[in-house]
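Just one chain is shown here, as structure tokens, and it is the form predicted on its own.
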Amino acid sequence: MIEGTLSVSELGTIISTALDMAMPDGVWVQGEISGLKRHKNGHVYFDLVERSDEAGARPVATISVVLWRGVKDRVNRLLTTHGDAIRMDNGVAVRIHGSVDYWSGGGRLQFQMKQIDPTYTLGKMVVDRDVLIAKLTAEKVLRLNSLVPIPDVPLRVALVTSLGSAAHADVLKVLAGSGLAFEVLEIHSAVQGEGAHLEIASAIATAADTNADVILVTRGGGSKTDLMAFDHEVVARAIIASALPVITGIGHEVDHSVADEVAHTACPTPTAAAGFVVEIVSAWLERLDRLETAILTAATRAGDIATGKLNDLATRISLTQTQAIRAARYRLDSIEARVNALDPVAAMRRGWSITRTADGTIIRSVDQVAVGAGVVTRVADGSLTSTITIIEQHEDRQ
């Protein structure tokens, strides 16, 4: 060996020794979990990354982390002291304690995790959430989607969820069980883990560009870290920008995300979100039934009133007709009496007669005939033919 020259393993030993001396008690480090893998032997591997403040930029720094199986049990027991609030997963911000080890065989540094600070993760989630809500409030866009009207009959539903999940099944069950003609457009999205927030935002934007009436964004229950994608600003912005009303059903009754804050209506569960839409349509149908009943009642009442008026009118017309007939009959009898009074035959029966010339002209004056003229006299029961022999003209002639 050349004097002053180290072998690779010797260099590795020096690096390991230097690291041990620099951090004899280990070190706390914070960052975001990425690329997490749970090996079948019980070990957990992931990268701890420091994200850039610039959207879409590469991480500022990355270090590989291993959580050995024996240590993992202790870490999990610590996490359970905070209930089910925290679950180590991609995208979760953590503060962990451990030591840096240099693995000569692989030629890389590795952080061996020994402990975790659950309060850091929970506290950061709360702070980040509050900061985002305050930001959206200051911009006056927090409740913008609530101003988008929901149609009276929202039968076209765009469903943004993880297809095949329990939340997906619950929503479809409620809509199908309603007996109403819902049309469901299913849009798949990851709902937790690294990059889930980007998928959710993209799915909401896709749904908003359809002919749906409403958008349902749903996810089943889980830990607070499982639901953290719905606290992301990009998801909130997608809901705010939606031209369609967004109904959320995320987690359980106690869960409330930023997505719930900016949605048109936040429901406690996926089932409740589907039930909310069913209730809107059912309420409209009930109003329609009441309106139909009111119209039928009004129409029946109007028909009864019209029938009553028609019957009254028919009665009055009938009475008028009877009176008119009686008056007409009286006038007819009067006319008949006058006609009978003027009937020549009747007059003849009383002793009157009618005399005509040979050509049938009624003789009204002595000036119409001469002595020797033939005339015909009509009496009540026959005619008399005679010849004029004497003509006398009375002095009272007018």
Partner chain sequence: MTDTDDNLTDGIGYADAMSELTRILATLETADVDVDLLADNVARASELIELCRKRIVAAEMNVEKIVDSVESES
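Residue numbers count along the first chain shown, from 1. All values reported here derive from a predicted model rather than from experimental measurement.
Form predicted in complex with the partner chain: not shown, discussed below.
Is there a heavy atom of residue 213 lying 4.5 Å or less from a heavy atom of the partner chain in the predicted bound form?
Although the partner chain is absent here, residue 213 would touch it in the predicted bound form, with heavy atoms inside 4.5 Å.
Evaluate residue 175 for contact with the partner chain in the predicted bound form, applying a 4.5 angstroms cut-off between non-hydrogen atoms, and reply yes or no.
Yes, residue 175 is a contact residue.
Is residue 199 near the partner chain? Define near as a heavy atom within 4.5 Å, in the predicted bound form.
Taking the distances in the predicted bound form, the answer for residue 199 is yes, it comes within 4.5 Å of the partner chain.
Is there any non-hydrogen atom of residue 145 lying within 4.5 Å of the partner chain in the predicted bound form?
Taking the distances in the predicted bound form, the answer for residue 145 is no, it never comes within 4.5 Å of the partner chain.
Just to confirm, with a 4.5 Å cut-off on non-hydrogen atoms, which of 244, 92, 238, 259 contacts the partner chain in the predicted bound form?
Here the answer is residue option 244.
Taking the partner chain in the predicted bound form as the reference, which of 155, 136, 272, 75 has a non-hydrogen atom within 4.5 Å?
It is 155.
The partner chain in the predicted bound form: contacting segment from 113-121, 176-184, 246-254, 99-107, heavy atom within 4.5 Å
Selected stretch: 176-184.
In sequence order, which positions of 256-285 have a non-hydrogen atom within 4.5 Å of the partner chain in the predicted bound form?
Residues within 4.5 Å: 281, 284, 285.
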